[in-house]
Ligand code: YXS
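Here we start with a single chain on its own, the form predicted alone, put down as structure tokens.
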């Protein structure tokens, strides 16, 4: 059994996160399997993909596998990192990817959820983006995912507090397109996927790509880009980042100094 289970029913494909022992952490291996599965679905002309955890999951995903984060002096969220590669595979997939959320979503997995084209959650779903708990510098593309989904005001609150956003607020903020009772979420989500799949796959694909291009149409000068990179290096070269990882591995509260 892989870390990602694959199933195709007509024009709808399902990817199920399948590592409950690690709370479906976004390890290098799991992210690699997401990319491979999407490539397979693309070759099979699967029109719509549903990304989910096992039925009734308490944790949809715990986010980035902290044990695999690089140590100090290395960018933890580089462009070619497995998690970022998986996010781009979802964005570039030629059909909608729908996140079906049951349980809590943490850290980079919240980014995964908002990177999906649509999201359907039940009353058990919650979302927390937690880099400040680790002293970790989030990347610009990830921050833009949140700005595009919920706006800068809500994105700032989520990043600054790192507190979970419960299902009703997530629906109000726009993280969830639909908030559905747990007993109905599978029927609702796959019904939504089937309705989309009944439309022209070429038209849907082209419109999705237009949305992607337009959402990324934010001109950035070379000076501003270099400034962002310098700001991020300041964090991942810091004592706070080293302390954040150490505290997590030692299962204690971090003692951040701001240096």
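Numbering follows the first chain given and starts at 1. The model shown is predicted, which means the values in this text are computed figures rather than measured ones.
Below, we refer to the form predicted together with ligand YXS, which is not included among the displayed structures.
Colleague: Under a 4.5 angstroms heavy atom criterion, identify the one residue in 185, 170, 118, 77 near ligand YXS in the predicted complex.
Modeller: Checked against the cut-off, the match is 77.
Colleague: Would you kindly say which of 59, 30, 37, 196 lies with a heavy atom within 4.5 Å of ligand YXS in the predicted complex?
Modeller: Contact residue from the list: 59.
Colleague: I'd like to know if residue 138 sits close to ligand YXS in the predicted complex, meaning any non-hydrogen atom pair within 4.5 angstroms.
Modeller: Because a heavy atom of residue 138 falls inside 4.5 Å of ligand YXS in the predicted complex, the answer is yes.
Colleague: Can residue 130 be called a contact residue for ligand YXS in the predicted complex at 4.5 Å between heavy atoms?
Modeller: Although ligand YXS is absent here, residue 130 would touch it in the predicted complex, with heavy atoms inside 4.5 Å.
Colleague: Indicate whether residue 66 is a 4.5 Å heavy atom neighbour of ligand YXS in the predicted complex.
Modeller: Output for residue 66 is yes: heavy atoms within 4.5 Å of ligand YXS.
Colleague: Given that the partner is absent here, does residue 17 sit within 4.5 Å of ligand YXS in the predicted complex, heavy atoms only?
Modeller: Output for residue 17 is no: heavy atoms all beyond 4.5 Å of ligand YXS.
Colleague: Whether 13, 101 and 178 jointly form a contact site for ligand YXS in the predicted complex is the question; each needs a heavy atom within 4.5 Å.
Modeller: None of them does, since no heavy atom lies within 4.5 Å of the partner.
Colleague: Taking the partner as it appears in the predicted complex, which of 130-138, 170-178, 89-97, 147-155 has residues with heavy atoms within 4.5 Å of ligand YXS?
Modeller: Heavy atoms within 4.5 Å of ligand YXS in the predicted complex occur in 130-138.
Colleague: May I ask you to list the residues of 233-259 that have any heavy atom within 4.5 angstroms of ligand YXS in the predicted complex, in sequence order?
Modeller: In sequence order, 248, 251 come within 4.5 Å of the partner.
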